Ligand code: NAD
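The data below hold one chain only, encoded as structure tokens and taken in the form predicted alone.
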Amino acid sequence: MKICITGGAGFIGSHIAEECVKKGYEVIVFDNFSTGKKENLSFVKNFPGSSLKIVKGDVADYKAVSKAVKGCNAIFHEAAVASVQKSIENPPATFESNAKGTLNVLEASRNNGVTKVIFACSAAIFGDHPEIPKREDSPVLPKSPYGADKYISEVYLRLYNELYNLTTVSLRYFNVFGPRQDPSSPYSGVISIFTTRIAQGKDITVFGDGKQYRDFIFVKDVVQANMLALEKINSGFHYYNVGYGKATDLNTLIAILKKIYNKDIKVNYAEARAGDIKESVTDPSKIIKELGFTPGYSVEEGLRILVESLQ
């Protein structure tokens, strides 16, 4: 099987690429390297004789996407500007990468005989609607252009299935963490920022009172969800919430990190940021029931693996 992974040199994309290489698939990594890194693909040396090709390009460039996906059976579409804050600062730029980028991937798939597109959607589509836990049929109410871009993308996935019979899957990621997440970006996940600052002996900053909670899910479990979508879904349009299914507030997260690092950590509390969601947790029973998804890592287990990788 020949697979293209947009954003394949990024955090989640590179973990998907590693699993595809491990399974013996022919892999094309399509990335503009604005945040992706070639060193994230260094795992390939562990699989002699494997097929992994790197193509530099941007999903906002239709011709580049179309050329990259030619001959592919399926696409994991992970490329995006994954930042709520950046989307608020510059909505048109994130629209180009996120919404238009998805449309380009779908259109390139339709025109090149690709049969399946699996899309990295986001819990950001739900905004801060009070219904908890979030289920697949929970109200969609994005609070940021990023969330809106992701939801627009999901609508296009449904349309491309209905109009052109392209098999499409939208995986709505909750708060993904793990090795290879770039802590240097101000838009990075809170866990990678916290762990890096702790390792450097620096204080950490919490925006808000620390009681805001998230559904943190380890990256290897997200990879599992993607591979199940690839292997088990062969027709239609499907959408799933992808989370661990348990809430962890930031103060609890910090307590776990103190335990793992075995040291005191100075915490500064600052004003909450615009667009940030206070409460987010999912009920993953649909993907568990329909695809056999089984989250394998608790937050603490995932954090221990992450901390070990940083050391």
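Computed from a predicted model, the values in this text were never measured in an experiment. For every residue, the number given is its place in the sequence shown, counted from 1.
The form predicted in complex with this ligand is left out here; the points below concern that form.
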In the model of the complex, the residue from Phe218, Phe174, Tyr240, Tyr151 that sits within 4.5 Å of this ligand by heavy atoms: Phe174
None of Ser122, Ser109, Thr168, Ser87 but one has a heavy atom within 4.5 Å of this ligand in the model of the complex; the exception is Ser122
Given that this ligand is not shown alongside this chain, does Gly245 nevertheless sit within 4.5 Å of it in the model of the complex, heavy atom to heavy atom? no
Looking at the partner-bound form in the model of the complex, is Phe33 within 4.5 Å of this ligand by any heavy atom? yes
Is Phe293 one of the residues lying within 4.5 Å of this ligand in the model of the complex, judged by heavy atom distances? no
Could you confirm whether Asp58 comes within 4.5 Å of this ligand in the model of the complex, counting heavy atoms only? yes
Per contact check vs this ligand in the model of the complex (non-hydrogen atom within 4.5 angstroms), the hit among 256 to 264, 282 to 290, 50 to 58, 66 to 74 is 50 to 58
Sequence-ordered residues of 65 to 101 touching this ligand in the model of the complex, heavy atom within 4.5 Å: Glu78, Ala79, Ala80, Val81, Ala82, Ser97
